[in-house]
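Shown here is one chain on its own, the form predicted alone, set out as structure tokens.
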């Protein structure tokens, strides 16, 4: 049966009475800002990814900002990253007064090409900021090796990668376990785990974690939770500039429920991704995503590359007319008006042809835990038919 318009969205968070009850409990407790629920969520997240430290913040953009600030990124510094990412990746670098240096993505995926990093390292390089795009782990082993061999810290933009895994020293480990210096996560509604909005930083460094906790709450020397529980009068101080980057207990309560759901959510998404792969692999014109042998994606999104003779917008519109919502390939930050000033960034000498081609020639298909097997079949059949019809029309 043909679905009605927009019956199949590109994403849908899984929220029900369990999250409602969690929020109700916090509302009735009387403590709704950063407090015991945030602390519990941090502890549970750290346990899940096997990190020494986890610090909750208001969103992933603020997490990236704090991570860069903690390793000392400042005015005039350069940070090697990708343009093929949501704009927040580079914006956080600019918040520090530093310059994003954009390298291209791999030929067979949507992540940073490690082979292009070395040629862009200069005396001003302060960090490498890699992205686990769409939930697919990037080649972190190679990137961390480059960083360590040159004394350059590595930060992971793991916004999409909660629940993804990487083979590290012959063991499967969660993204967020301290492989690089700091990992930053998002809990936006498009992500596998959502708190409405929110973020998390994980690290193996107690020093970094201390800085995150100081800066996220205005630089306050004594958290209000400590003052509230003290039998003595405490005056807090503000020894340095901080920010209001806190997560609320309302968000954290939702996050704790979502985190408990995560293994089942990832398993379901991996099942749906496998169905997509089975349904699309016999359409030779489409390039479908594939996991490297050392990666297990949470399949936050399923992105396919279209053949050059199929127009991206026309294909998306045709699918929309059939009730299937899609999104274009990941943006390229350097093509946005906010980066029109060439002094705001530097493009690698290798240029960004793959990144641009991925933006203009790829589409993100619907994928969410509540999606049915039949809905996946409908989407795959619709896309395959469109490809075949377009091919026939130009033959």
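Positions refer to the first chain, counted from 1. Computed from a prediction, not measured in an experiment: that's the story for all the values here.
There is also a form predicted together with a small molecule; it is not shown, and the following applies to it.
Quick check on this chain: which one of 86, 276, 215, 208 has a heavy atom within 4.5 Å of the small molecule in the model of the complex? Residue within 4.5 Å of the partner: 86.
State the residue from 365, 358, 64, 38 whose non-hydrogen atoms include one within 4.5 Å of the small molecule in the model of the complex. Checked against the cut-off, the match is 64.
To test your reading of this chain, name the stretch in 127-135, 96-104, 321-329, 250-258 whose heavy atoms come within 4.5 Å of the small molecule in the model of the complex. Going through the listed ranges, the match is 127-135.
Would residue 176 count as touching the small molecule in the model of the complex under a 4.5 Å heavy atom rule? No - in the model of the complex, heavy atoms of residue 176 and the small molecule never come within 4.5 Å of each other.
Taking 4.5 angstroms as the cut-off for heavy atoms, does residue 203 touch the small molecule in the model of the complex? Contact with the small molecule, no.
Can you check whether residue 60 is within 4.5 Å of the small molecule in the model of the complex, heavy atom basis? Flag for residue 60 set to yes.
Do residue 186 and the small molecule share at least one heavy atom pair within 4.5 Å in the model of the complex? So residue 186 counts as contacting the small molecule.
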